[in-house]
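To begin, one chain is listed below as structure tokens, in the form predicted on its own.
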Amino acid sequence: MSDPRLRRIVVVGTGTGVGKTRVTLALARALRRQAPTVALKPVESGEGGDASAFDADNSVRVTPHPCVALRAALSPHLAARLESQVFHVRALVDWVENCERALAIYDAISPYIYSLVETAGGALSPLSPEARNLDLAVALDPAVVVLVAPDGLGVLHGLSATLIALRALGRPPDVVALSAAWTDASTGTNAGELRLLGIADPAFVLGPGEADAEPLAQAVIAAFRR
């Protein structure tokens, strides 16, 4: 999209069920206090209702949403195979850009407009036989990439492995956030441990029952300035 006001954010995760949707919803609400914002789910498998949750707050009506809806709660490439569906990254990018145009038309005077795109599954999960979620993120550049990891046991390994892979593939995240997608004895301590070990410096932790992501919004806005 050529609109110079657009600020696009792509949300990826270290895996499935790590709290991407919680973070995306909270971030969208924080950004919406400043400018028109749309949260998008290009591909959704299963009946999690992520796209519907986004629609409840979006500044503009998005239809269809998601772009690709798959019934089985499986990796998108497997769910699509079961339904004999075929989709390509380019079509998903076109859909995102069409949604962004609708947002731009909705408000032609705001200095910025924000578009959040949540991927399906982990950053390296297969999206289709030809692409991973990371490939969609790269195709959506220029964007700020937010990597979400769980504030729970296993994050030290999972986040380390994901960061190593993304750096090796040439697209490390711009911002790291944690989400208490589940709670255990480590919840609330992982951000400090990640910093102590030099693994990552999370910009934000979304705790249990929390919904305010203003610090994350500020970190994302700062990333656009870099």
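What you are looking at is a predicted structure, and each value in this text was computed from that prediction instead of being measured. Residue positions are given as counts along the sequence shown, with the first one as 1.
Heads up, the form predicted together with a small molecule isn't pictured, but that's what we're talking about next.
Looking at Q218, you'd find every heavy atom of it more than 4.5 angstroms from the small molecule in the predicted complex.
Residue contact check for D55: none of its heavy atoms lie within 4.5 Å of the small molecule in the predicted complex. Proximity of A181 to the small molecule in the predicted complex: non-hydrogen atoms within 4.5 Å are present.
A residue is said to contact a partner when one of its heavy atoms sits within 4.5 Å of a partner heavy atom; D174 fails this definition for the small molecule in the predicted complex, lying far away.
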